[in-house]
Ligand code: NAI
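Next up: just one chain, as structure tokens, the form predicted alone.
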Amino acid sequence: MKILFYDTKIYDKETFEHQLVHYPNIQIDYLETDLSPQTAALARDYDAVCAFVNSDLSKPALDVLNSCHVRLLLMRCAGFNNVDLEAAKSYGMTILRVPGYSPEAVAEHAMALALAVNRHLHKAYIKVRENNFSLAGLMGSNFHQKTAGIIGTGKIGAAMAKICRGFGMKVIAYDVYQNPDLDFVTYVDLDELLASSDLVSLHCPLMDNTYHLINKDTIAKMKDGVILINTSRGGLIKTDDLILGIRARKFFGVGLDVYEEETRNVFEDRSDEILEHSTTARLLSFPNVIITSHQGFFTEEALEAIAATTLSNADSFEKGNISKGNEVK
């Protein structure tokens, strides 16, 4: 099997090459460019392409991949909201993903963001580097005995719930499907969660019914002084409404590992550019907002798991033994 790997970073190639020794039947060629309608034609003569969270797998791109006789789309991530599922199905393409590479990696990053905005670590770091040891503007609150509201209790949300419990927090959650393993969690409706939570952490997939889940109406239902964390998908939050809420001092702090405008930014060095008319720049102008570059998954353990599962998916497809839990339908 020949696979064309799009949007390659050094760490991608290292981890995949480390796992590739176990699959002598698989050959990978790596590209730095990402997958788009313009670059899809490079996949001619390949059996599969390997794509990531911001790859363009819209119908125009899939049209080109189909003309190149690509049979398999390998998503080296859990999400697949960037894939036109109907177009892929019409072409008979199989989509395989990595549903659970390291939920603890993302959940730990979510808590790191929550702690950082709560205790103003970003501001404290800069002050001390300038020999300013004043505590002015650095007061936070205990998480102990506060209420954490987890929206989405799949593997990552469950891991976050366990971390919050370890901090001595009361944990409530909202999800269409209740996780039976979380016997310490109280499930409530969304309105109650928003009204009761001191910390709201998003861990649900981006779908039609969750798009802009956090908007001016749901923000108005939150407690004043709430901390909001998003390590899931940027489209869960309507950014313009979030900015209005920040300006209205609704939030004690906001921590974002994902955001609506991230497509051009994520994993790229744009330090020499001026981000004019940029939503990202507007968010970064607020002292109680921390943004990271979609790095929640970025641990050694997670990368190894992503590579192992992706290659296993390709091998299983070739042998006609697909894991149903990894297939997107």
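Note that the structure is predicted; figures quoted are calculated from it, not measured. All residue numbers refer to positions in the sequence shown, first residue = 1.
Omitted from view is the form predicted in complex with the ligand, to which the following refers.
With the ligand left out of view, the stretch that reaches within 4.5 Å of it through heavy atoms in the model of the complex is, among 174 to 182, 115 to 123, 192 to 200, 134 to 142, 174 to 182. Annotation: in the model of the complex, residues 106, 231 and 258 each come within 4.5 Å of the ligand through at least one heavy atom. Listed residues 254, 164, 156, 74 were compared with the ligand in the model of the complex; 156 is the one with a heavy atom within 4.5 Å.
The listed set 85, 244, 207, 220 contains one residue whose heavy atoms approach the ligand in the model of the complex to within 4.5 Å, identified as 207. Contact check for residue 149: no non-hydrogen atom falls within 4.5 Å of the ligand in the model of the complex. When the ligand is considered in the model of the complex, residue 297 lines it closely, a heavy atom lying within 4.5 Å. By the criterion of a heavy atom within 4.5 Å, residue 214 is excluded from the residues contacting the ligand in the model of the complex. The shortest heavy atom separation between residue 111 and the ligand in the model of the complex exceeds 4.5 Å.
Taking the ligand as positioned in the model of the complex, the residues of 94 to 108 that bring a heavy atom within 4.5 Å of it are, in sequence order, 99, 101, 106.
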